[in-house]
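Take a look at this single chain, the form predicted on its own, given in structure tokens.
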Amino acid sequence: MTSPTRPAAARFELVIPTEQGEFIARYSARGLARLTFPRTGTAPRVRPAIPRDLLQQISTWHRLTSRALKMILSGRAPLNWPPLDLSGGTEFQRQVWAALQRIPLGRTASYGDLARDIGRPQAFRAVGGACGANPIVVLIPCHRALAANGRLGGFSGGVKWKRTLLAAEGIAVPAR
């Protein structure tokens, strides 16, 4: 239950340093709500103070997020996951994101496969849109979703990131 002074949508932003750069994790009172790729440049970020009653909980979630992210970046499957707050997505998007989470590390699925998996076989384009709207990159592995015939397709973090993530998982990526 959320208090009237702290809505569930409140965001607490923390940095996750990796060899590939600093990822930004944003937490709500429900869990990890957004994970973004490292930025280029050094734009200042506002980091609201975490309320005392949430500090331990968010610290625990942040440790889980950091470990899971670093494991995936090194091509290993995480053992523990932070709670995910996907309340900002539509029901369709949440179905797609759940289907993405069922793709095992080191495997891929096409947008059409994902559309069939959620019972909407003609919605492969909409599945691509839901992948692009994924708020928790890497942990919800939209990089494992490919276009028809194994082509890379688009990617919110750019094709370079998609290639990097797939290669870390031992997935051969097609040349252009």
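So that there is no doubt, residue numbering starts at 1 and follows the sequence shown. Model, not experiment: these values are computed from the prediction.
The same protein also exists as the form predicted in complex with the DNA; that form is not shown, yet it is the one meant from here on.
Checking Ser66, Gln57, Thr36, Ser110 against the DNA in the predicted complex, a heavy atom within 4.5 Å turns up for just one residue: Ser110. When the DNA is considered in the predicted complex, Phe92 lines it closely, a heavy atom lying within 4.5 Å. Contact check for Ile50: no non-hydrogen atom falls within 4.5 Å of the DNA in the predicted complex. Using a 4.5 angstroms limit between non-hydrogen atoms, Ile136 is distant from the DNA in the predicted complex. In the predicted complex, no heavy atom of Gly31 sits within 4.5 Å of the DNA. Counting a residue when any of its non-hydrogen atoms is within 4.5 Å of the DNA in the predicted complex, there are no hits in 52-73.
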